[in-house]
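As a starting point, one isolated chain is supplied in structure tokens, in the form predicted on its own.
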């Protein structure tokens, strides 16, 4: 994002927060609260902070006219009972409260780390606040579920209710104790890549001998899709009488195998791209990390065109999609003519990569004639 218009001390703190917070924070509704005629800069904004596979919105209000003062934090209307400086009762909350007070009382507007420290501590208190609220719910099944998974690290929970929807408790359960970032050579990811299971229980139903299955959804960090798509994962069945503590180990074992396979498929895609080189020449460009795309220069007689290869994470089970792009035909809008995605051609995942590349080369020898005809017929006549 652009930091133009912020006073230097706010810009430095916000920049540090966005670059060092463990998860990706978003910034919205940036405004100035001062008199513009006096040249007061931007000094208030809304932070969208990741929590429990969703976002909580907190308004951060500095006063650019009084730069030595710490910012005010305004929480959302659904959290009107969240008072981080007055929380008491739960283990560890006194320490968090004291730490937050110290951050505010020792505020140093010249220290770029201050806003990050404040937001991190308040988020920790918010997590304790939500955990306490969930623990107070009068629901036998929920109390049992919490007792079976309380030893797992990193679980976040959130209780929600409203006039238009029934009360429910949502859990965000991080899965697999493995560092996916380190498994991918040269990975560009700034944040740790994670997979979560979202588990949602309705509130208010007394414990039954065979309670219904909760709503389950697998979720991941967005960048992980370059390596592994959770959309391709089929969740195991939730058996009658099952609890999370029984369900999670089977899911994690299956996921770990699939992630390891996804990492191994990077080399399979790389070998295929290399097998294209003797036929097409060296690629003009290629994805060096995940090997999800590559572009080659090709020709049919005097007709010169590009061939774009687009690989799914399921390669070689799924053949690459091909797109042809003319280097000699331009649309009236100044855009090079391109073919639709081509996915219907001879293919078998059981072939050797050399045979795969040869069959595609033979297919393109014929398809290039159709593409050339398409480009010539759609070219404007002068």
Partner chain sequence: MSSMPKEGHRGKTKMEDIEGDASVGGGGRYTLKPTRISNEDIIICVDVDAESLVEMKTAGITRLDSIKQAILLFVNSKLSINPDHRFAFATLSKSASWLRKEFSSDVESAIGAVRALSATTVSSGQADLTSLFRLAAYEAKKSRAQNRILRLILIYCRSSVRPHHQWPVNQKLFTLDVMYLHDKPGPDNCPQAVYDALVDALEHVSEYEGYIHESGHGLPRTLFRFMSMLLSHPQQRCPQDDCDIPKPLMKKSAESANGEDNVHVSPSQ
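Here the structure is a predicted model, which means the values were calculated and not measured. Positions refer to the first chain, counted from 1.
Although it is not shown, the form predicted together with the partner chain is what the next lines describe.
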Practice prompt. Report yes if all three of 299, 330 and 338 come within 4.5 Å of the partner chain in the predicted complex by some heavy atom, otherwise no.
Written response: yes
Worksheet item: Of 166, 76, 241, 288, which residue is found within 4.5 angstroms of the partner chain in the predicted complex when only non-hydrogen atoms are counted?
Response: 288
Worksheet, complete the sentence: Picking from 222, 260, 213, 284, the single residue whose non-hydrogen atoms come within 4.5 angstroms of the partner chain in the predicted complex is 284
Worksheet, complete the sentence: Given 268-276, 103-111, 170-178, 250-258, the stretch touching the partner chain in the predicted complex at heavy atoms within 4.5 Å is 268-276
Discussion item. Just checking whether residue 295 would be counted as a contact of the partner chain in the predicted complex - the rule being heavy atoms within 4.5 angstroms.
Written reply: yes
Practice prompt. Flag residue 14 as yes or no: does it have a non-hydrogen atom within 4.5 angstroms of any non-hydrogen atom of the partner chain in the predicted complex?
Written response: no
Practice prompt. Flag residue 366 as yes or no: does it have a non-hydrogen atom within 4.5 angstroms of any non-hydrogen atom of the partner chain in the predicted complex?
Written response: yes
Item to complete: Indicate whether the partner chain has at least one heavy atom within 4.5 Å of a heavy atom of residue 154 in the predicted complex.
Response: no
Discussion item. Using a 4.5 Å cut-off on any heavy atom, which residues of 176-196 would contact the partner chain in the predicted complex?
Written reply: 185, 186, 187, 188
